[in-house]
Each structure stands twice: as structure tokens, then as C-alpha cells.
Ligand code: GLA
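The form predicted on its own is given below as one chain in C-alpha cells.
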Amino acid sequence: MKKIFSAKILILALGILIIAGSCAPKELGQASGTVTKQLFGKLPDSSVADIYTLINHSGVTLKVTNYGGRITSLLVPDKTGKPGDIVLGFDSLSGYLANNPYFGAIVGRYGNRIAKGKFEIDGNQYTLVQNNGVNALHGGIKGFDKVIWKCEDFKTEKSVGIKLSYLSQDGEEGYPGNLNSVVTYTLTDDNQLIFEYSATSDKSTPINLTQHSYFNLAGQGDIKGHEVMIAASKYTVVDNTLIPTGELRDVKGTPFDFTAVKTIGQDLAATGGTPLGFDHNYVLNTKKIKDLAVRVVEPISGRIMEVYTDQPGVQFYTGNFLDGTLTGKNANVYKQHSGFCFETQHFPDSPNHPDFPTAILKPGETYHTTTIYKFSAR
């Protein structure tokens, strides 16, 4: 009887161990990837910039600094499994402190342009800092790309991430209201990079937060061979200062048609821009976050980037103003068309176009939007 009883206890104990091993919650550090923080450098005002390294279980590695919420590096495997850095940027903080075209940054309060830096809300006229000729661009001279964000890292069972927060004071760069902004970057184990933007304000104010990373899925060289699809049948026509005229024009029969897959270089010469290239807001056909808005394939590396968003538009920009004067990581010289951006957004100059989807955040409301970049290879 003792032997039978002992055997029963042993079987029961083994059963408990098996159940515990298969069903018990795991430690977050074991279940997710890793997040580490290091000093990135000091700003001229002695404030400190940190850099966070996020690694998921697939080995994708993301580096972000709290200076402007800038993505400084994104290592993604190619079709052979070899990782490569697919974003433009610099090795040190000094590169970001010098003049550069918003590499990797959160831009705001209002991403893109506002005509002549002026708009009206509820009968009140506001004048912004003009930093792009006569227009206001990407929040002004000291926009969200040039401030230190408060940063917290986190882990879940299948992801790692950081939460960035910043209070923009009433009157900053001419914008009304105290605006509390929170931007969350989440890197999942299935290689999705999720951006969640939220904000509240105590006065009505324009808001259009977006991410301004420049991508090159080959890692270096020009982007003309990248194959692109954009789910948009219209785009916003712009004047010679890149301000929308108000017309939403069909892309069919124009160089701006990416409803069928084609390379960036195919119609680049026909865009007629000065400098040459795409720098246009596309009016997305997509209605939900699950709908594919953009797909980019780099055929040699096999890397694929997909964009999903709940925003009404996306700015497709092909690095037209890069002119070879900037040298970035690994001694890469950033020439014209070295990188592309897909900035999910409200339309440019929306505060001055009542027919566009509204970009005005009112007191008592919460601004919230989500964009997903999904990476794979074939």
C-alpha cells in the first residue's frame, strides 16, 4: 500500500509540475525581449539625452533617443536572415543637434505645412513661427523633434516598448493651449512597430503628430528600385510652396499613381518637382487600421515594409532635399533619393481648408491615432 500511495503522490506531483510549466504566467523578462538605456549625450543647455535599445524575440533591434523621440537605428533581417539597418541617421547626438531634415523624429504639434503660418479658430487669428519660407513646417523652429521627452520603458508578454510624454506650453511656437502629448512605440515579436499618439489640450489647437523616419530597405544607395503600392486613388494638389490648393485629384493617368505596384524610379522624372521627386499627401482609400495602406518591397534584399493606419492621409516623400552634404552612420553620404518617408497624417494645411478632415483638438476631447509599420522578408 505504501508503494502504491507513493506512486500516486509522484504522479500527482509530476502532473502539477507539467501544468505549472505549461499554464503558469512567465516572468515578463523571459517572455518578452529586452530594453536597455544608455547615455546618448548632453544638449547645449546641459539637459541629458538617453538612448533606448529595444530587441524583440525575432532579433529586430530598435534604437530610440528621447531627444525628439528619434529612431536612430532599426535592424531588420533580409531574406537570408542577415540584419541590416534600414533607417537614415547618425552615430552620435551631435549629428541630430546639427541641421538635419527631421531624421527619425516625432514631428508636431503640426506635422507638414500650414500656409503662411496662419490659421483661425473660433474667430481668433493665430500666427505661427515661419520656418519654411513663408510657411510653418513640422511645428516650427523648435518643434517636437528638438525637445527632450520624458520616457518610460515597458515589457509585455509579446512586445517591448517605450512611452514618451511631453507638455507643450500655451504659445509655444505660436500654438494655442497647453498640450499634453503621449507617444508610445511598441516593438512586437512578429516584427510590427506600432506608434500610438494621444493628446489633450486646454484650448482648441491644431494637432497632427507623425513619425518622420527615412527608410532604405536595402540599407544604403538610392531608393529608386524599391517597389511601392499606395492604396490611394487621389492626392492633394499643391502649389509651388507645397501648400495644398484644395483640389483632390485622381492619381489615375498621372505619375502619382501607385495603386498598382511600380518602382519609385519609374515616374520620378515626370513628377516635375523642384527638387525632383515625390513630396505629396495621398488621400487613403483605407477605412480601418487593419486595411493595408502602403506596401514597399526591396527586391534584392527581399525586405518588405507594410503600413497600416487610421489616419486619412500619408505623405510620401523621397528625400528630394538630401544633397550629399550629410554623412550618416557607417560613413554613408545621404544624397538625393537616399531614403523615403511615409508620414501618416491629416492633410497639410488642414486648419485653412474646411473641406479637409478636421485637425482641431478641442478641450475635453482626446486626440488618438495609431500607425503600424510591419516588416518581413521573402
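Heads up: residue numbers just count along the shown sequence, starting at 1. These numbers come from a predicted model, not from an experiment.
If you look for the form predicted together with ligand GLA, you will not find it shown, but the lines that follow are about it.
For ligand GLA in the predicted complex, the listed stretch (151-159, 230-238, 84-92, 130-138) containing residues with heavy atoms inside 4.5 Å is 130-138. Ligand GLA is not drawn, but in the predicted complex it has no heavy atom within 4.5 Å of residue 349.
Using a 4.5 angstroms threshold between heavy atoms, residue 182 stays clear of ligand GLA in the predicted complex. Interface residue remark: residue 66 is not counted as part of the site for ligand GLA in the predicted complex, having no heavy atom within 4.5 Å. Contact check for residue 242: a heavy atom falls within 4.5 Å of ligand GLA in the predicted complex. Checked against ligand GLA in the predicted complex, the residues 102, 197, 119, 175 give one hit for a heavy atom within 4.5 Å, which is 102. Between ligand GLA and the residues 282, 258, 214, 96, the one pair within 4.5 Å by heavy atoms in the predicted complex involves 214. Of all the residues from 303-337, those having a non-hydrogen atom no more than 4.5 Å from ligand GLA in the predicted complex are 315, 317, 321.
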